[in-house]
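Only one chain is included here, represented as structure tokens and corresponding to the form predicted alone.
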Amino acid sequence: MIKIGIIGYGNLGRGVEKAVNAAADMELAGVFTRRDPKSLHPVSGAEVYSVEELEKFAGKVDVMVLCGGSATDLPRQTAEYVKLFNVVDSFDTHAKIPEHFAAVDKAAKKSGKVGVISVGWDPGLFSAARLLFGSVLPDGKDYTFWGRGVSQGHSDAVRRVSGVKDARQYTVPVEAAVARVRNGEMPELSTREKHLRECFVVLEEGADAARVEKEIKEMPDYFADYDTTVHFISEEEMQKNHAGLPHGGFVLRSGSTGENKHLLEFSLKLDSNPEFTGSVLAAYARAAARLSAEGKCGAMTAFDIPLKYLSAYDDAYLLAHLL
């Protein structure tokens, strides 16, 4: 059995917990938190420990799955915890992946551990699709669309606006842009042409709706470069229609071989972004354990790990049933 530890017990940590408990070859060794361990009650009944106790578990946990955020948690945690454990994270700040990889690789090679980084669905599964599609259809162009789905980071940004009590922000692909790609046009698309932003906002009592809407639409890095719609709704409607965390998206590659055109597509439609991402992390935790058992070490991404290492099935089964 592969013994898994979870560091962080938010939506993503709970998603990993479900995936580990559903896997016949894994067991949950414990949940580790910066909060008071007594305040958490995992649905699986797993033991909860303080992160201050991590060193006691060196050699007792095969893989630690890190479920913190990419902004401040993972840049520090992954390189630090790989000194003691094989680790897996879903670091998703694309522009900073090279430096994150370098820091984790240096620490992992020194400790002899495996550090798998950036393996959610994007980066992660979508990264693998882009690499595969571009390799088999080199004369072409990639397009990645996200949504329709809840962006947790953008939702948090809206909730930080003065006068906002609650909010959800949906990232929505522009249908006309998607249609042009699928028609084989290979257009050059700006940020605004690819995605819309749709916000559902519950206001604090007495808040100025016009001011809130203006502040959201003009927010740099989040909404200023997009066509953004703001809907003001009640708390009841928020709970009824926007309580979940759905997401998804698709990778397209449009290209040609001589005179013939081709379109490759990989898509996801997810009822729960954190639960699905948790399942991806669990699969890569299995791979990390196997690679470590083979004596491998260092940082790795979805590009470095053979697909069969993700599967609970053995080679004989994969050859007979999936190849």
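All residue numbers are counted from 1 along the displayed sequence. Keep in mind that what you see is a predicted model, and the values were worked out from it rather than measured.
Just so you know, the form predicted in complex with a further copy of the same chain exists too; it's not on screen, but the next bit is about it.
Within this chain, G258 lines the site of a further copy of the same chain in the model of the complex, having a heavy atom no more than 4.5 Å away. Heavy atoms of S267 reach within 4.5 Å of a further copy of the same chain in the model of the complex, making it an interface residue. When contacts are judged by a 4.5 Å heavy atom cut-off, R192 does not count as touching a further copy of the same chain in the model of the complex. In the model of the complex, a further copy of the same chain sits beyond 4.5 Å of every heavy atom of M1. Residues placing heavy atoms within 4.5 Å of a further copy of the same chain in the model of the complex fall in a single listed stretch, namely 137 to 145, out of 74 to 82, 164 to 172, 137 to 145, 231 to 239. This chain appears without its partner; in the model of the complex, the one residue of T33, S70, S292, S272 with a heavy atom within 4.5 Å of a further copy of the same chain is S272. For the three residues N21, V43 and V150, a heavy atom within 4.5 Å of a further copy of the same chain turns up in the model of the complex in no case.
Using a 4.5 Å cut-off on any heavy atom, the residues of 295 to 323 that reach a further copy of the same chain in the model of the complex are, in sequence order, T301, A302, F303, D304, I305, P306, L307, K308, L310, S311, L318, L319, A320, L322, L323.
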